[in-house]
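Single chain ahead, written as structure tokens, the form predicted alone.
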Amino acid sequence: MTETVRVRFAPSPTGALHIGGAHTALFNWLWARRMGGSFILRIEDSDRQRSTEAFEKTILSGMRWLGLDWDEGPDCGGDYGPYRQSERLDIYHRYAEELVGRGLAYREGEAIIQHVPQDRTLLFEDIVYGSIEIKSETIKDTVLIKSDGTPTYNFAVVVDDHTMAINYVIRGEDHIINTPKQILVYDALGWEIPHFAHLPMILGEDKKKLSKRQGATSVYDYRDLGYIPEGIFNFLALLGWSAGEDKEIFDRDEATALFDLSKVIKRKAVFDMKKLGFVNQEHLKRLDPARRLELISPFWKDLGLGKGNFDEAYLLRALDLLEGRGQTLKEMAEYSDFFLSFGPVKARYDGKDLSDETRAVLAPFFEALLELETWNHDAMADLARHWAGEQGMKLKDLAMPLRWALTGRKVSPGIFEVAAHLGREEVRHRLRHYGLAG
């Protein structure tokens, strides 16, 4: 009979959900979903001094934002809350007392300490790192219950994993050092040891431990920078795992169908911000247009731009004209600001490079442009080509000044498409500001 996969993510509420924790949670979630198993969320809040309710809330919010839903826990009115170590203290004490009663642990004051047997070889098979062997004499007697009555990490995690029937323990490689101590607890209590899979550490681009400057920040920091959950999910899945066949862009369903723990790479992964930007941009392109508009609106607001009297169709078309420009929602908002207001255009470009001679040459063309009978891209482009040919000019000699006047940028979507979308009167207004139209 095939065992039902049960995995868990067990963060400590002493900080927000950071990238490393989100990465571990995602790999657990993928394995559970791939195998039709269960994903359990457990809050390890036995550190009473550092654990806070606020941090727990940010962890849960970050999980939900990434779409990492969990399968069971205390019923919270139709929703599952996480399990919490602080609500399970009697369970830890019961098993610690059992070990004392069997002579496998002893009291030292208020603390309970496990006897570590000597001359034993502790061997476990790690799905990622292979066989790992440690001699028990390198381990000192281990505290199970501290003098303040709280369990130590290595004891509580074993009791929790066993009582919750966790049979795959997937966590960061920094926990490899804890595994032998935990195996001793499993053995002492006569419990079956789960499968272990330790995930390679994530390094910064300098190949050193990930710093806040390089990415070791909370998930919400990336949300606030304009990354979307689909992009973060995809990027994190690529850290230490390959979907195969050079496949880099995938949604959560595709990742679930392809994920395999045996294909986790034990080489340390590098947090590449350029790669993150590329992946996020690809997912921005895939967004439903209405959702893209909904997500970008707060970033326009942050720039001091309201939607004004623009209808949804106008705004959706404006974003469509960007043709994928911008790796984040924040960049998309910045690149599209000229569609909502002339203010930022003037702030970027004041027309100082427009000499009187240049204005004299360009003004007739812009007047002709504004008088076109048909106001669309094709009509404007035809006029520009005809005019440039007659004047012995290049098309860019007309298009670039128009681009600066309408967008304030050297690079933009097709400028005649921009002009068509802004509308004749708005284009007239902007050209008049620079003395390029009457």
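Model, not experiment: these values are computed from the prediction. All residue numbers refer to positions in the sequence shown, first residue = 1.
The same protein also has a form predicted in complex with ligand GLU, omitted here; what follows describes it.
- Proximity of His175 to ligand GLU in the predicted complex: non-hydrogen atoms within 4.5 Å are present.
- The shortest heavy atom separation between Tyr153 and ligand GLU in the predicted complex is within 4.5 Å.
- Contact annotation: Ile296 falls outside 4.5 Å of ligand GLU in the predicted complex, judged by heavy atom distances.
- Taking non-hydrogen atoms only, Arg171 approaches ligand GLU to within 4.5 angstroms in the predicted complex.
- Scanning Val157, Ile202, Ala237, Val264 against ligand GLU in the predicted complex with a 4.5 Å heavy atom cut-off leaves one residue, Val157.
- Residues Pro11, Ser12 are the members of 11-30 with a non-hydrogen atom no more than 4.5 angstroms from ligand GLU in the predicted complex.
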